[in-house]
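Only one chain is included here, represented as structure tokens and corresponding to the form predicted on its own.
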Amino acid sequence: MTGLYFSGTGNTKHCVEEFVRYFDSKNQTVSIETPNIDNILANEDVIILGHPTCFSNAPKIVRDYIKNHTEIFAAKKVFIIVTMGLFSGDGAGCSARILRKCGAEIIGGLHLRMPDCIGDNKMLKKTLEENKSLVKQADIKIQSAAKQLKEGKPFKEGLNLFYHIAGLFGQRLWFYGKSLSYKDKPDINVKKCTGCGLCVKNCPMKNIEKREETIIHKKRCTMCYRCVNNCPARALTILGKKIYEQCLFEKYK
């Protein structure tokens, strides 16, 4: 068993690591950004795939990764873990449908509420203690779900028709364009930007580039919020116009 994840600010990475560790502390977890990942996963029978949800959909970077690595998932058993700030609907089902086309067998799904990572919108903001409580509750649910999988009775959240309808009508129909393609983002406040280059280093899409003293983007944002939440000058935004909190998992341990 290997854990495979995409994580914007650390929430999903933590959840996949905790789940995989339950089975064997020697099991490894790797990011989809890891070089030569085909070699790592080639001999694995079971993959625990984790990703956040984006408007009740899998992030574009995750959907593209699965489609571009069909051979990795063919004939594999895949358990899907999805993290969310509030609502997912069929978050696991979105990636499950693509994986089945690759020949994967979906053995279960788990939805976990974690601290919100959208730092430029105050709608889902919680206190530090509330976010720490969310992490503790998620850890308890992870242990329960891992135990159930070990006993052959896996959680199957996000995988049936009810979840599909909830995800479709709860968010995806209304915000379909938000996750259909990469976005023309982030917005960069050049007056605040110090040119430190952290956003360039952290972007999983290589979307942000430093040219002389100017930071620019190349219209390939997957809305993971790494740049927003790691910028020391709070100079970047994606959906909002103001930074209310920089949300990184390390704060909530």
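In this text, all values refer to a predicted model and were calculated from it rather than measured experimentally. Note that residue numbering follows the sequence shown and begins at 1.
Not pictured, yet referred to below: the form predicted in complex with a small molecule.
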>> Just checking whether residue 116 would be counted as a contact of the small molecule in the model of the complex - the rule being heavy atoms within 4.5 angstroms.
In response: yes
> With the partner left out of view, is residue 154 within 4.5 angstroms of the small molecule in the model of the complex by any non-hydrogen atom?
Replying inline: no
> Might residue 62 be said to contact the small molecule in the model of the complex, defining contact as any heavy atom within 4.5 Å?
Replying inline: no
> Using 4.5 Å between non-hydrogen atoms, is residue 84 touching the small molecule in the model of the complex?
Replying inline: yes
> Of 24-32, 223-231, 65-73, 38-46, which is the one stretch near the small molecule in the model of the complex, taking non-hydrogen atoms within 4.5 angstroms as near?
Replying inline: 223-231
